[in-house]
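Below you will find one chain, with nothing else, as structure tokens; this is the form predicted alone, and questions on how it binds or moves follow later.
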């Protein structure tokens, strides 16, 4: 259990059970409190197939909180993280978020849920008015849809529409070069999967108009067996496959698909492949899968990014993930916003966060911005490349162009009626 204490100050960590018979992973993970502390609550997924989402998010938060506390805290207040397991259940995520504020006295929320839970936590933030930063949900509509907008909620996460624009441009160039006209898709059956796949196909056809999607598969989130999905795709005989499966679902899918030699029969574009949570877990990593960057310490190719990845690995004995850098960046934003506001008051911090640009090791140009109009992260390093089964795992990452992303995203928002 990691401490968030200031060096030289005696602290202790406590783990309080949520009720009689509660399992350890269902309990709040609490870094110890002392005078003048500020509690920040974090609902996330710490058990089940995608537990690494929660554990790598938590680890990154604690790594950055240690730095903030060592430097004096948020406006002189030491941060106390209260982290709980939702088990990936949206209803539980909402219940926990509400309890963190109303019972545990948390003044802010870092929402470490997948998209399925983030929409539920978002409604709690709307109801309670508490400052909330979403740190894992990539469903574009969470911040792009003006119906979702509230002044106290922000998204410090890469966004599906951004990945889709960059990924589709990259895929279209390969499709044209190799004559890949018949495509299949396989993505999880919930908001993130359907939104992101739809956005990718939209831009793939924009950049390569002769592309045709001949098969769609929508496995359930956390589905244990992909045999039916894999055989359906093979029977369709596509030339290329797009997938935004992620985490344990992606690694299970690849391990099962390897049995059928799927990756020798078509070009595969898996947006979530280039992340250590997948790269280091797949039993036999196929060569040549095309992927968007999630987190690898070689992209962006800067000393700051490599140093952060190495520091995380040194502390936790494993590489960080996409969720890690996003959660770390959220703490960086909070720290800078509190400095700007000279206050930990949620409303003042929210005002300071809006439009804020900070130095960040994960920025395309060394900085990232919390965009003012929709409270979402922009300017992060984003690109696509091809995997190899050993370090550095991805070669020749081709960086996306944010000018193009902004232009096409604005068109997309207009087409959806968001602007």
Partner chain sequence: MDLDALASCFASPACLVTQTTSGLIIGMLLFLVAVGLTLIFGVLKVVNFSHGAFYMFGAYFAMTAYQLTGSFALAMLCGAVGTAILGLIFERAFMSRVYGADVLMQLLVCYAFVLIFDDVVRMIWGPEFKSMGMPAAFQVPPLFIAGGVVPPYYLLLIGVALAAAVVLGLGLARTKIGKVIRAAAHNPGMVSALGINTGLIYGGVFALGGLLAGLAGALAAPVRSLTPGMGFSVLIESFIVTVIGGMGSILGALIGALLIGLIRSFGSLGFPLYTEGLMYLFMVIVLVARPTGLFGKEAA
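Residue numbers count along the first chain shown, from 1. Here the rigid core means the biggest group of C-alpha atoms that line up within 1.5 Å when the two forms are laid on top of each other. Quick caveat: nothing in here was measured; it's all calculated off a predicted structure.
The same protein has a further form, the form predicted in complex with its partner chain, not shown here; the description that follows concerns it.
Checking 239, 298, 256, 89 against its partner chain in the predicted complex, a heavy atom within 4.5 Å turns up for just one residue: 256. Of the candidates 212, 145, 310, 225, 225 is the one whose heavy atoms come within 4.5 Å of its partner chain in the predicted complex; the others do not. Although the partner is absent here, residue 49 sits close enough that one of its heavy atoms falls within 4.5 Å of its partner chain in the predicted complex. Residue contact check for residue 335: none of its heavy atoms lie within 4.5 Å of its partner chain in the predicted complex. Taking non-hydrogen atoms only, residue 247 approaches its partner chain to within 4.5 angstroms in the predicted complex.
In the predicted complex, at least one heavy atom of residue 194 sits within 4.5 Å of a heavy atom of its partner chain. No residue of the trio 103, 135 and 149 has any heavy atom within 4.5 Å of its partner chain in the predicted complex.
Heavy atoms within 4.5 Å of its partner chain in the predicted complex are found in exactly one of 135 to 143, 90 to 98, 115 to 123, 278 to 286, that being 278 to 286. With the core superposed, residue 226 shows a C-alpha displacement of at least 2 Å between this form and the one not shown. After superposition on the rigid core, displacement of the C-alpha of residue 318 between this form and the one not shown stays below 2 Å.
Taking 2 Å as the criterion, residue 145 does not count as shifted between this form and the one not shown: its C-alpha moves by less than this amount when the rigid core is aligned.
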